[in-house]
Structure formats: structure tokens, C-alpha cells
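Let's start with one chain on its own, the form predicted alone, as C-alpha cells.
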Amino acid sequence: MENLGRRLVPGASLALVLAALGGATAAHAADITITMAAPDWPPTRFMKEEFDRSYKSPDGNDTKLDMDFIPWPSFYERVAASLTSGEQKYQMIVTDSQWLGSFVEGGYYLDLTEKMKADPELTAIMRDLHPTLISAYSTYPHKTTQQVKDAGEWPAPNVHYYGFPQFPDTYVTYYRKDLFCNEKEQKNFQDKYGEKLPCTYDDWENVDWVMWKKIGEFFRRKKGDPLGDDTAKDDFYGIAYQAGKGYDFSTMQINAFIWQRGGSIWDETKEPEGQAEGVVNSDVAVAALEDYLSMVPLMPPVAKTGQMDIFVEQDLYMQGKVAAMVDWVGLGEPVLDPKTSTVSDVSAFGPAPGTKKDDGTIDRTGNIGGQPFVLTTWNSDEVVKEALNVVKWWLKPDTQMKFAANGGQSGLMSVMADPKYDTLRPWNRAHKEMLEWQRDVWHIPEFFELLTQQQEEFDKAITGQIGAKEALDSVAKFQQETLEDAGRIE
């Protein structure tokens, strides 16, 4: 210490000596606990495990990440109750993008725009993120989406940014290659429909909803019927997709049918001129919902009860009772695990089906899944700084590669462009393709009212109580009245 002190310039303070020895970092280190609300599923479980293994605060803090894992069906209600109660329990929240409007306007989510601009590391992250994710996960109001796209770079002028991707999710096709590539099934399908049963990834790129329906019809087997090189151990079904009353489960799939056919949901980017009535229940939207409903009888019987959520269809597929399903890549990891899946060694992945256009191309537009994470507004400057350190750690390419190798996904274009990315998990190629097609539902504070009523009406249609037109007429009327009352429609 003495010799080092003598080599310093005259007037050097003890603080400088400590800094030279690394003592200044230790002097300012703090014990920080970041409590994060998170849905209870593999992508957030991995984040916690990897944090405990590898996170080291660049500021020398002793930082703990305390994740409050909440089941998906009650996730929104639990987070909303915590925020509105004033308990200030969470420093960070993994949030569905639809919540941004409600909780930004409620004063709970921190505007990070200026901090992002002032921090070179955060700026680099934002410039590397896929534009679809910035639009869906970060910006509010969501009507600035077009401004983000028009700007062509980050930051877009007069746009506010709140979040970063914790887990970007898309839905893809899971399928049994032992069935779809089986010679007997291939021949029988060709004989029946005069078309090739899809087997390879390239085959699945040509699958539209018309082919999907044929697959549903073709693979419908009774217990004991021939199936592949064996017989069906139970009643067997060809297809499954979301048809669940809970949270947003049917909406996420129905929106795809509507968008792909040129229809629309109420579009907040067009407020106050954009209407709900005449749009939500347009002839195109009604026909799209009818198409969606026409395939529900081809799925396992639980679909007709309105209980076919993402976890139910995943479980049926893993039990070996479904030939193919459309589901989120976030649920892929258990499918590959022989401890949880009877089809772990025969599963393969392709893009989700879409709607074939007049020019022969397929439109796969769908509702983006996944979640951003945000900071809350009551944190001290010290906690905000450390929380942003956690963001930077999570969005480092090496951390993102580990995440992708363990069933997650990255939103960084540099990571997705790495040649080894596609080899890390068998659904990664499909995820990248589907990401280009994603758009989002409303971000406005009234979203939960709109969603809950819409889910109720969709459930009535799925369970056969009403038809597509009656369902969408009711949805459009409710949305028109709600949005007019909120001053969002003139």
C-alpha cells in the first residue's frame, strides 16, 4: 500500500488508492434482492437457474434474483392485484405485451427510453433486437408501431420504450415423423387425397389449413386401428390447436385465421377513426372463424368442451394421442424429454400452417407470444441500475445461446444469424421463419375486458352454443361500446 501510494501523483487520496486496488468497487457494493414476477414454465425457470449459476454484478453487488413463479391461468390476476394494492412487491415483472397499456398508464412500469439512449450497451441491444419484438414488447402506446417500422432504426422519434424480451415465443407445428414419414401412411394418404403427406421441413412449408384439415381427417383412428407400423393404443387424432376458454388461449389461434384471410381485429393504431363494429364481425372475419370451428370436431374431444389450452394439447401430444399440433415453442422442451414424453424420439418441427393466397404463397400471420420483462417505478436508482445490469447479462449473446440450447429463444438478430443457432434445438428454424409473420393484439388499458368477453363468446362458439356470426357480432358490439366509453372510438 505504501509503495503504491508513493507512486501516485501528489495529492492522491485514499479513495484513489482503494480504486487502484479494486477496493472502490467493494466499498460501493451492496446487497440487492430483485423480486421478479414470472409465469411458472421452463423459459423462466431456466433464467433463474442460469442466474444462480453465472450472474456476477459488474458493480460488485451481491445480487439475488428472487423469482415469484405464478401459474399461467392466474398470472395476470396475481400481478394486477399486487400492483394495484400498492404493496410494491416486485422490482421487475415478466409481463405479457398486452399488459403494457394498463400498467404503464397506471404508473407501475418504468419508462426506460432515456436510460436506453444514454447506455451504449442498452443501445447496442436495442439495435440488435428483431423489430417485431421492439414493437410488441417495448413500445407504448402501441399505435406507435408504424412509427417504429417507418424509422427503420432505433430509437424511433417520439416513441417511448419500456421492456426487453425475456422470452420471444412463436407457435410452430409439432409432428410425429414416425407417422408422417411412414411408407404405408404416405401411400394411403396419396391414394386418398392425391397429395403427398408432409414429412420433411420443406414439405411443411407448403402446408395450408386445407391440408391441415385433411391431416385431421386422415389420422382419425379408433383404438386398435392400424397406425404407422403398429396399432392405435387408444382413440387417436390427427390435429390439435388452441381452443381454450382460459386467458387468451383461443384468441391466439383465431386471430391468425382472421388476419390471414385479410380480416382484422379492432386496430388501436387507427384510433379514434378505427371502428370495431363492421370490422371485428366483417364477413371475412366470420368466414375465418367458421373455418377455425370446422376443424374442432377433428381434434380430441376435450376441444369441444373449450378446454383445449396450450398445456392440454401439449400433454395429449406427449401421451401419443395426436399426430400433429400447433403450439408454442416455449413448450417444446418437455416434448423432447423421455421422462415426460412418449414421443420424445419421433418428434419433429415445422412452420405453422397458413392460408394459401391466389399467387400460391402461404400467409402465416399470427399472434406473437412470449413476454418482455420490465422494471417497476418505485425502485431506487441503485436497484434500477442493477436491474438493468441483469437485463444486459440476460441479453448477452453467450447467455442467449445457452438459453436457446435449453429450450428458450433469442430476440437478438446476431444470435439468430449464428449458423449454430439452428442446430441448438429442432424448432429454431421454424421459430425464425414464424417470427417474421408475428403481430400483436391490443395494448390498451381496456385489453383485459375486451379479451375476457371475447374469450367467452369464442367459447360459446367452440362448444356449439352459438355460431361464428353470433359470436363475432357480440364481440364487435361489446368492443364498440367499451371503446367508445373509453374515448378510443369517435
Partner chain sequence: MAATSPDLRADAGAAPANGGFLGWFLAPERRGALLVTPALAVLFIMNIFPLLWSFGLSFFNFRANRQGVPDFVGLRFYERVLTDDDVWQRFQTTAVIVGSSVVLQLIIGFLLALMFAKEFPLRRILLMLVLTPMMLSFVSVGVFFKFYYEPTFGLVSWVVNHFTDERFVMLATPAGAIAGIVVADAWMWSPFVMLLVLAGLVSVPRYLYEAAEIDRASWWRRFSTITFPYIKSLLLLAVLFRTIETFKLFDVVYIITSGGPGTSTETIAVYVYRMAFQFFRTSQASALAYIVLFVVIVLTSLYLYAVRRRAEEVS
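From a predicted model like this one, the values you see are computed outputs, not experimental measurements. Numbering follows the first chain given and starts at 1.
Missing here is the form predicted in complex with its partner chain; even so, the following discussion is about that form.
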Query raised in the report: in the model of the complex, does Gly332 have a heavy atom within 4.5 Å of its partner chain?
Result: no
Report task. Tell me, yes or no, whether Ala405 is in contact with its partner chain in the model of the complex, where a contact means a heavy atom of each within 4.5 Å. Result -> no
Query raised in the report: Counting only non-hydrogen atoms and a 4.5 angstroms cut-off, does Phe69 reach its partner chain in the model of the complex?
Result: no
Requested in this report: May I ask you to state whether Gln371 is within 4.5 Å of its partner chain in the model of the complex, using heavy atom distances?
Outcome: no
Query raised in the report: Counting only non-hydrogen atoms, which stretch in 179 to 187, 319 to 327, 356 to 364, 120 to 128 is within 4.5 Å of its partner chain in the model of the complex?
Result: 319 to 327
Query raised in the report: Within 4.5 Å of its partner chain in the model of the complex, heavy atoms considered, which of Gly152, Gly107, Gly278, Gly224?
Result: Gly107
Query raised in the report: in the model of the complex, which of the listed residues (Lys432, Lys48, Arg439, Lys460) lies with a heavy atom within 4.5 Å of its partner chain?
Result: Lys460
Query - Pro39, Asn158 and Phe349 each touching its partner chain in the model of the complex (heavy atom, 4.5 Å) - result: no
Report task. Could you run down 444 to 458 and flag each residue that has a heavy atom within 4.5 Å of its partner chain in the model of the complex? Result -> Pro445, Glu446, Phe448, Glu449, Thr452, Glu456
